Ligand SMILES: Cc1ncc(COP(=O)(O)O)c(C=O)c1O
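In structure tokens, the next block holds one chain alone, the form predicted on its own.
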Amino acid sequence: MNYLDKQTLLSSAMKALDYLVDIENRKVAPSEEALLNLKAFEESLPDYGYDPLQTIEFLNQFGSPGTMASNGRRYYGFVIGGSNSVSMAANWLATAWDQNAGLGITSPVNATIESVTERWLTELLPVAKESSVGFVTGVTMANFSALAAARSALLQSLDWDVESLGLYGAPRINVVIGEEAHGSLLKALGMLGLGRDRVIRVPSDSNGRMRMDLLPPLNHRTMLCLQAGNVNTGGMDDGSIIRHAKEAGAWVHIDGAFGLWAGASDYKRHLTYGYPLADSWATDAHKWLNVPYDSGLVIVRQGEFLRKAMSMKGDYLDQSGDRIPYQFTPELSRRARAIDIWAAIRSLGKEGINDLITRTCVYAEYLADRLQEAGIEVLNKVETNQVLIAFGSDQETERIIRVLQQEGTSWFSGTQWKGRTAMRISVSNYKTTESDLKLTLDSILLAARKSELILR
């Protein structure tokens, strides 16, 4: 490595560290000036390259101020966690290694770490022990991979090899989902040829949970998709549905983008009782575990169906070794993303993860209680780390969301819930403290008082 390469890497690392320090002292959203300055990137393709140090300086000067401070303590939008320092550091080292994680022979260290992390995850999460785990980009691909395994298993039981024959002329299988199922699940069904509109939707209760009393008949041709953590309310589908579905011969999949991690908390584990009886699960590590993007997990009880759906042939592919990583994911070439997760779990341990999940849930409950006491309407039962509130009319709620986003102490996203406009508060960042909660509450209550929604 030459001197300029070293200086470029050191410059980038120092700027990244400065960014992480400064992130807590700025508004969460970028300023209007910062957004306007993003036009600096609209350059013509250069004939000759720029100096690498100048490129990093340019990126930091115009890029860093234009970011959303979602890695900070008071970002409550969507369900976005931060990046804990050990995972970020592991990510940097793994990037320096630049491993192709597809095969054991292209990265023995990745194959080893994937195997270890798979074992740890099946011990931490409310899934079947000895399940197979694939390391994908996020829950969209985790749902896709798990449902591909489900499609393979159900059709194989009906004497149809879908990987060889495709879906033309295949026996019909039915997909049952909750009416509040996330769009990523429907996207996965569409990509698999199972259709976004051919599903049977089960009505939900006031917290977005599937109503077991309204389930349609289930059988061995059925794919039942539950949800662990409604994106608006945090509501968790009842695990008792699973036993009923399994007795009928259905494949049960759980879309648990963030809610599956409730099973790692002593405080919230009861919400996931029955979940290990399912057949497949999907979750993210870049949400509640707070590892860098992109990091999702597909988990399947009978790993042979995942490998059947994901595998490929190639005379040049050396598929030797105890673990062939690509056989668990849609990708062949990919980064070694299991390393980030391994670093987080090894550094936190069971108790650290228990504390992270429990603490953020307690913070969400605290915010809901204080807001309700002040006269602000809380629309959901706070089961996990999501709080849903409204400020009177839809128009007023939309206005206050904009006011709070521009004011910049904290950042919240809006949504529609049961026909109403609402503001979502997602407590997902490991850095958030009690002092942050106070600042957050003060900013919300001040905006409400200015709108004369509360008088105290």
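Treat the numbers as computed from the prediction; the structure is a model and nothing was measured. Sequential numbering from 1, following the sequence displayed.
Form predicted together with this ligand: not shown, discussed below.
Enquirer: Is it the case that Gln227, even though its partner is missing from this view, gets within 4.5 Å of this ligand in the predicted complex, heavy atoms only?
Expert: Judged by the heavy-atom cut-off of 4.5 Å, Gln227 is in contact with this ligand in the predicted complex.
Enquirer: Residue-level question: is Phe258 within 4.5 Å of this ligand in the predicted complex, judged on heavy atoms?
Expert: Close contact exists here: in the predicted complex, Phe258 approaches this ligand to within 4.5 Å, heavy atoms only.
Enquirer: Can any non-hydrogen atom of Val382 be found within 4.5 angstroms of this ligand in the predicted complex?
Expert: Flag for Val382 set to no.
Enquirer: Using a 4.5 Å heavy atom cut-off, state whether Thr233 contacts this ligand in the predicted complex.
Expert: Contact with this ligand, no.
Enquirer: Scan Lys268, Arg337, His182, Arg301 and let me know which has any heavy atom within 4.5 Å of this ligand in the predicted complex.
Expert: Checked against the cut-off, the match is His182.
Enquirer: Of Val162, Met210, Val139, Val176, which residue is found within 4.5 angstroms of this ligand in the predicted complex when only non-hydrogen atoms are counted?
Expert: The residue in contact is Val139.
Enquirer: What stretch, of 210-218, 344-352, 283-291, 121-129, brings heavy atoms to within 4.5 Å of this ligand in the predicted complex?
Expert: Going through the listed ranges, the match is 283-291.
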